[in-house]
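Coming up is one lone chain in structure tokens, specifically the form predicted on its own.
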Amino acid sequence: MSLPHAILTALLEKPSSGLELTRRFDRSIGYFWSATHQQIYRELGKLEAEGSIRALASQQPARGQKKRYEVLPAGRAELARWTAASQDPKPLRDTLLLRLRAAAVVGTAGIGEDLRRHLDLHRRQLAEYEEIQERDFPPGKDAPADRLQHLVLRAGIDLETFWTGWLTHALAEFERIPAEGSTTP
């Protein structure tokens, strides 16, 4: 149930239209909580119906005009309740890891190439996060909101650092496996 909370967070940061929210998700929240355009619009409708948000009055005719939304007190209270609630970590579910396990019994065809592809993707994501850090969090930018946002970015940097290190190790180990690749579990 976190998408409504992600939307409430984004709207509290800045009242926005559905299209603006989609773009903002692509540039920030979407790095750790993705949503499609359709999911965002569907959730905006639900949040509006339950009284958590409202569409701002437009100064132009409604036809073709984007609805901009803002959070109401009930939405802020729900977000505060959710933020304060304890939640357990989610178990890791990763298709690549499952495929490696399966390769132990059916062979490694295609796995090496995909490990290299994943390593490249994680290296690019790490570079992007590091660019964001350099651009958006210069030394001295330490207001409480900035520090919390930087913590989220640091989580992304640390995760990508882990994956690039693990994939580098996995590739080195993979190179030591005989070409037929079938091994006993």
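Since the structure is predicted, the reported quantities are computational estimates derived from the model, not experimental observations. Start at 1 and count along the sequence shown; that's the residue number.
The next section is about a form of this same protein that is not shown, the form predicted together with a further copy of the same chain.
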Task: a further copy of the same chain contact at residue 13 in the predicted bound form, heavy atom, 4.5 Å - done: yes
- [ ] Please check if residue 159 has a heavy atom lying within 4.5 Å of any heavy atom of a further copy of the same chain in the predicted bound form.
- [x] yes
Open item on the list: in the predicted bound form, is there a heavy atom of a further copy of the same chain that lies within 4.5 Å of any heavy atom of residue 41, even though the partner is absent here?
Closed with: no
Open item on the list: Taking a further copy of the same chain as it sits in the predicted bound form, is residue 110 in contact with it (heavy atom to heavy atom, 4.5 Å or less)?
Closed with: yes
Open item on the list: Residue by residue through 70-94, which ones have a non-hydrogen atom no more than 4.5 angstroms from a further copy of the same chain in the predicted bound form?
Closed with: 76, 79, 80, 82, 83, 84, 85, 86, 87, 88, 89, 90, 91, 92, 93, 94
